[in-house]
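The chain that follows stands alone, in the form predicted alone, written as structure tokens.
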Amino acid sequence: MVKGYTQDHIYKHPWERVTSASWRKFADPENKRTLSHILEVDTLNRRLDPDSGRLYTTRALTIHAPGPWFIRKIIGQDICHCVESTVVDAQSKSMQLTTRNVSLQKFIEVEEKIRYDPHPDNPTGWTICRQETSIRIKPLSALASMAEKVEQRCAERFMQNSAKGREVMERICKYLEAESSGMAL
């Protein structure tokens, strides 16, 4: 069984500001309280393709393992390691992030895709963010008998964390807007 969901969010900020905020959301110490499930973020690779102009980045994320506490007790781990692959195409104004867990794979597979594009109704002023997440409990894992409940609980946690992420993104966008207009917050 796979639990999946899709969320769309409109940032009333231009694409350049939103994508800048995306790069900064884990780096700002003020966001550590809001994004307390993120323990560490390290850039593993960054490459600019000279022909296409696309920026390719790979980051390692260490997070608190998703799901309820009793699941973490069963699997014997409180943390999960993930890899985030990002492609930024400044020419077409598209930013795509794909994050997958690399640890705990014998129990659960999680994939999150986020895409930022100019909003079709206001391409110079707004950005649409589409987030797609899929969560799958492995059928032969110790969690299989309660897979549907665990997937639901994990999905709920991801949705809560997504809301926190959007809150941080909005705060950074407002900061960047104030910075660009020469105002201090």
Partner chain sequence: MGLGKRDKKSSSTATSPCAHLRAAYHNCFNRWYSEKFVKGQWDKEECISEWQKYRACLSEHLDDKHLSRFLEAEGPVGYVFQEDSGNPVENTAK
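Numbering follows the first chain given and starts at 1. On a predicted model such as this, the values are computed, not experimentally measured, just so you know.
Absent from the display: the form predicted together with the partner chain. The rest refers to it.
- Taking the partner from elsewhere, Arg166 is found to have every heavy atom lying beyond 4.5 Å of the partner chain in the predicted bound form.
- In the predicted bound form, no heavy atom of Asn122 sits within 4.5 Å of the partner chain.
- The partner chain in the predicted bound form is not approached by Tyr175, whose heavy atoms all lie more than 4.5 angstroms from it.
- Contact check for Ile128: every heavy atom lies farther than 4.5 Å from the partner chain in the predicted bound form.
- With contact defined as any non-hydrogen atom lying within 4.5 angstroms of the partner chain in the predicted bound form, the contacting residues in 7 to 23 are Trp15, Glu16, Thr19, Ser20, Trp23, given in sequence order.
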